[in-house]
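The chain below stands alone, shown as structure tokens; this is the form predicted alone.
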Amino acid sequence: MSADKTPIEVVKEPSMLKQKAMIAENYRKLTGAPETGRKVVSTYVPGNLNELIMCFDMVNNLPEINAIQNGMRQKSRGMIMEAEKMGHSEDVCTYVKADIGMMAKGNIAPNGEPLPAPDLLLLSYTGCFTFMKWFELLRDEYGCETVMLQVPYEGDGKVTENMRNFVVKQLKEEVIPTFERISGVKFDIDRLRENLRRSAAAEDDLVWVLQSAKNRPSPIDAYFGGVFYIGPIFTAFRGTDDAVEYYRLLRQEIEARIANGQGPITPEGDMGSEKYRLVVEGPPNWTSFRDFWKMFYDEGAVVVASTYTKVGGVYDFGFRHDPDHPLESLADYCLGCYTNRNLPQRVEMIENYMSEYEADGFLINSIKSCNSFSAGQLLIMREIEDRTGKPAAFVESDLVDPRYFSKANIKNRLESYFQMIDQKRQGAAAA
């Protein structure tokens, strides 16, 4: 705060303005679909087949993103309570309840206009059982068709040729024909190849940005800042010229921060000195996002790698969408999503991050209503501690339900954790 207590006005960089405009335009297309005649498909972030959706001129609506938007705008609480009045349990994923409550309250998009009913529900099943139950509720509400892409779980930690062929067969025989019938647009594989080519270009720049956190100081926060960086590529923009341009701008901005020796940008401006480097597991809390982030940067803690920024695709271990093998590439993408990986794979990924990004510690934000992430997290924490010798900690909150965010409790735990890191350092220095 300045002396007169007026809020600090953070300068918006070109990439921030670009992404804001992209999101606004997609909501304009969604809410304007009844007038333009465009068809709408609802799908989820993990396993999101945006490049394929674009081939049929359909507009992509993502229920999780609507829930996040409402959470950050402090509107999700009333929606969740509305869903609970309708009989949904307190233990149900709060993304689901926020979505159901939003429908009950008129289904109003962030631009103030009502969202139309989807013409198609595309369920690309990548490890989250809740998605299936969620789409059952939406199908009952909207009365529209559902097409499901069954993606085998990586139980043995690898993708086999049979698994890939199984997904490709469904794309050819079920998913694409359904899209053709609903949209009235004939599938053009060359159009898909062009979309995938743009995806790969954007993915290259995204990976460069995420791996820039190996620098000291890290020019980015790969968790709180990272959730904004992944937005375009995980949602309705992968495969577009806008996404390519966004990641080109973002990379240029990060290159400049490295050249100037700067740390991450926070809601209050440039972060101060980097004191702690962390790897974080689990989604963030959206309803108190800025308060949560502030607890970190006030202590000089920067997140150099996170698993949540891989929920919609794991690119930093080499995967890219491949225009030369379009359907196989879509299959590999779905099979490799973070939520579709087994616990040993997740532990190995985190251990790799701890080493390559020279992290001081590992932190889990356990989400009350998200079993896809929370299951096995204590086991992951103990395993990382044993393998790396670095201190680990565990805090709890929720996705978009403000009733499960205790600012004082989380702040106390984090302060104790940073003290633990300091003690570990002192012990190592004395040895």
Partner chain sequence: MSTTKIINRCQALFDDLDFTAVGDWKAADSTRKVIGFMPVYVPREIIHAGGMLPVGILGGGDQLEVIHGDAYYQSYICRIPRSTIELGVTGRLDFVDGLLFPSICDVIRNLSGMWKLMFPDVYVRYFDVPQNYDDEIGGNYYVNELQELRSGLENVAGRAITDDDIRRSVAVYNENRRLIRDLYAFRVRSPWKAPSSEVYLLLRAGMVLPVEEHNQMLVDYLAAAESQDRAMRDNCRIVLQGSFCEQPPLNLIKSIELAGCYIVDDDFMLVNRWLFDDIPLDGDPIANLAAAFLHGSRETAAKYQPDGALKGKYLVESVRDNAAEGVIFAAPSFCDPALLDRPMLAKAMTKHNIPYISFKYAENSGQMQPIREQAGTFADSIKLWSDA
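Note that this is a predicted model, so its numbers are computed, not measured. Residue numbers count along the first chain shown, from 1.
The next section is about a form of this same protein that is not shown, the form predicted together with the partner chain.
With the partner chain omitted here, the record of contacts in the predicted bound form names 125-133 of 322-330, 307-315, 125-133, 196-204, defined by a heavy atom within 4.5 Å. Using a 4.5 angstroms limit between non-hydrogen atoms, I384 is distant from the partner chain in the predicted bound form. Residue contact check for L137: one or more of its heavy atoms lie within 4.5 Å of the partner chain in the predicted bound form. In the predicted bound form, at least one heavy atom of N371 sits within 4.5 Å of the partner chain. For the chain shown alone, G376 is a contact residue for the partner chain in the predicted bound form, at least one non-hydrogen atom being within 4.5 angstroms. Out of the listed residues G112, G106, G155, G184, G155 is the one that sits within 4.5 Å of the partner chain in the predicted bound form by at least one heavy atom.
A single residue from the set T235, T240, T266, T339 has any heavy atom within 4.5 angstroms of the partner chain in the predicted bound form; that residue is T339. Taking the partner chain as it sits in the predicted bound form, the stretch 142-162 comes within 4.5 angstroms of it through a non-hydrogen atom at T146, M148, Q150, P152, Y153, G155, D156, T160, N162.
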